[in-house]
Structures are given as structure tokens and as C-alpha cells.
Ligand SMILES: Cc1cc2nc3c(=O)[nH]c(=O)nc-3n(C[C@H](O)[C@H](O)[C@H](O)COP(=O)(O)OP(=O)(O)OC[C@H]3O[C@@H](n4cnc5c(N)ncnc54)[C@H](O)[C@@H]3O)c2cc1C
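So this first bit is one chain, no partners, the form predicted on its own, shown in C-alpha cells.
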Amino acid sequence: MEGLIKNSTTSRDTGFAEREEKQRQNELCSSCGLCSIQAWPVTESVSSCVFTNGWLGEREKKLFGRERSLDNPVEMRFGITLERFTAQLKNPLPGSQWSGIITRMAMRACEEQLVEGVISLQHTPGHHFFSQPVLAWSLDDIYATRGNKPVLSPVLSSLESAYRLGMKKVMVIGAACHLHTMRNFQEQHEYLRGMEILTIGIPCVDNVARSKWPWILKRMSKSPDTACHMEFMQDFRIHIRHLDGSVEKVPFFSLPEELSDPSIFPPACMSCFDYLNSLADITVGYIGAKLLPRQKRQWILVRTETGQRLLKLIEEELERFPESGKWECRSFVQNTTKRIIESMKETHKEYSPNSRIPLWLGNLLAGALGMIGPKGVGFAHYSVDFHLIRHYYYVKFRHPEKLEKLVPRHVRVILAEYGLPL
């Protein structure tokens, strides 16, 4: 069995260039990995692509028995949930991006034999930000999946190994595009129907193609070669952790202007309308959590009864906190809408690589926003609305033929709240 997993993973790892070329040609392709599976016809994998079937809608209705309420402003943004709160592990896992809640939950699911294997990502050897798909069943292999990998990743390719091994209970840890496609495929085709699949969702919207990542990281960090973790944080700064444990904090406002170009992100990510991974059994992120010194609080959205089962596995290991922050963030969103819409129209803008706000001024702006800007659920509200508006106009101007198919109903309601044109 070990040989099968190693060989399948290695062969896929050599195909990243081919997948990125496919993405450039096909444009809307998140490289989810399902199309690389050879155990069934590729046409059947393609038929379940989220960019063919659209976001949420019928998929949400099939999972929950209904779509999210258009009369509930919180549910429109955060999706259908049974429970929401913030938490951190009492004993954080070393090397985790945050406290390690996702990794620990996966380890406990294997310990309790809820699943036979975990489909996730490990870091590519020798590179902290690149990834390779894995079907892990030992605790050490699951532990090795911890940490952020901010590049397009073919998570679902490891479904082939689980299928060929005859596994009946697996966990999939992935982004929204992975879970939308996987749930559609499991329903439409017979191959995975006998497999119970538990899902942990990661909030995700701004991944990059791995070919662009070194170029981007060099423009973010003073020491890109020692960077090992990176996150866009609630204090309006990018936090870059280095190998020596130091954290470099770069205000959003002080990034080079060229990093604001929509083309640095894959078209698939710019066409995503499920930032908070609403089809997962449980979503674990951070944007709705309070940012405090020396703490690693995470935001947990329990969506299904299966999600409750997964949460129960680590309940005693968690330090829990209620959601905090004020919901209202309208003025902060409105201050950015005109710029967002105009930037989505531009396709060939020239940028000066030296055009950026000085760090001292960027920190002044970030500090001011950190005091008066949205926090907790307000920051999550702001972040969701910002991305939904950005992506609606990206699709409207770049892929107008896909607008009706891709955009969920609640997005147009949110745009109407801000008086934005459809």
C-alpha cells in the first residue's frame, strides 16, 4: 500500500507544469486534482467541475435541505451553521500555522477510527509554501500536513489511492473548490458512493499559481529565502514568519502597487464565491477571531452533524471563546467599492515596481484602521463582502458568459445593499 501512495503522489507532483498550462488555456481551472485520476474517465471528473456547475445553489440545498436565507444578513455571508465560536488548542501543535485545530482533529479522527485515511497536503520537500497531495493514515503523516500552502494544489488526486485501496471512510481537508467538486462527483458517479467522506473546510480565496509565488514573495518580504509561514491578518498587515521564529509585519498599504493587479491570482480564485467553504462539515479559519498578542485563536463554523462529531473529538483540548466584534462595516466596504470595480475593468495596466507607500506611513494607516476598523465578526463581514464584490465584477468584466452560472443568489442581494450595479 505504501508504494501505491508514494508512486501516485510522485507522478502527480511532476505534472504541475502541465496543469498550470491547462489552467492558462482553460482559464477557470483550480487544479483541484480530480481530472488527474485515471481510475475513471476524465470526462466524468470534468462534469463535476465547480466552474461548470456553479457555486452553492443546488449543492447547498442537497447538503442542508435548503439554501441560505436571503433575509438573514449573517447567514448570507457566513453560510448555514449549527454553531460558531472562536477557540485555540490548549497545547498548540508546534509548526502549525495557528494552534493546529485542523491537524489535531484529523489525528483524533484516525485515532478513533472514524476514518481510515486523510486526504490532504504536505509541504513539498525543501519548500515551505509548495505542496503535494497525500493520503495519510499514520499520525506522523497527518501531523506532517500542518501549515499553510498558499498555492493551487490538486488535493483530490489522492482520492484515487483511497478508491483503489477500497477505503470506506476517509477525511478530505480542502478548499471550497475541492469540496464543491468532490460532493458533486460523489453524487453523480458511482465510484465514491460507498465511501463515507468527512470534510474539514479551509477558508480560501487568494491562492496563487506556484510559478508566480517566488516573484510575489520577493516583493512582500525582505528575506524571502527564510520565510516559512505567511498570512493576511486582521490588523491590516501581512505576517511573515521566518525560520528563526521572527515575524515580519508588512502593512497591506505598503505592498508594491503591482501586487494589486488581479492577474497575479489565478482566474479560478478570482471567480470563487465561497470564501468560507460553506459545503464543509466544519470550517476552521481565523478571520472572525480576535487578534491578541501571544494567542492563536481560530474561528470555527460547525455546519453539519458530522461537523459536530469532529468537533467533539477535540472538545476537551480546546479553550473556547464566544464570537466578538461589531457586525457593522458598511462604511469600510463602501470606501473600497469604486476602486474595486475600476481595477476589475483594467486588463493591461502598467505598474512601477518601486511604487509603494513607505513602511512608516503604511504602519500608521494600519494602526489607525486596527483601532477604528472592523474586528471579529465585523472583520469577517468586511472580508467576505470585499471578496464577493471583487469577484462579481471580475467575472462580469472578464467572463460575462459565466456570470449567471457562477454567481449564487445571495451575492446579488449583498451588492444591492451597497447600491452597486449588477
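Keep in mind the model is a prediction, meaning the values are calculated, not measured. Just count from 1 along the sequence shown to find any residue number.
Below, we refer to the form predicted in complex with the named molecule, which is not included among the displayed structures.
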Inset, instruction - Look at the stretches 187-195, 77-85, 338-346, 200-208 and give the one with heavy atoms within 4.5 Å of the named molecule in the predicted bound form. - result: 200-208
Inset, instruction - Evaluate residue 286 for contact with the named molecule in the predicted bound form, applying a 4.5 angstroms cut-off between non-hydrogen atoms, and reply yes or no. - result: yes
Legend entry - 4.5 Å heavy atom contact, residue 317 and the named molecule in the predicted bound form: no
Inset, instruction - Report whether the minimum heavy atom distance between residue 146 and the named molecule in the predicted bound form is within 4.5 Å. - result: yes
Legend entry - the named molecule contact at residue 256 in the predicted bound form, heavy atom, 4.5 Å: no
Legend entry - Residue (of 155, 170, 107, 135) lying close to the named molecule in the predicted bound form, criterion heavy atoms within 4.5 Å: 155
Inset, instruction - Decide if the three candidate residues 56, 278 and 414 all line the named molecule in the predicted bound form, where lining means a heavy atom within 4.5 Å. - result: no
Inset, instruction - Give, in sequence order, every residue of 381-405 that has a heavy atom within 4.5 Å of the named molecule in the predicted bound form, or say none if there are no such residues. - result: none
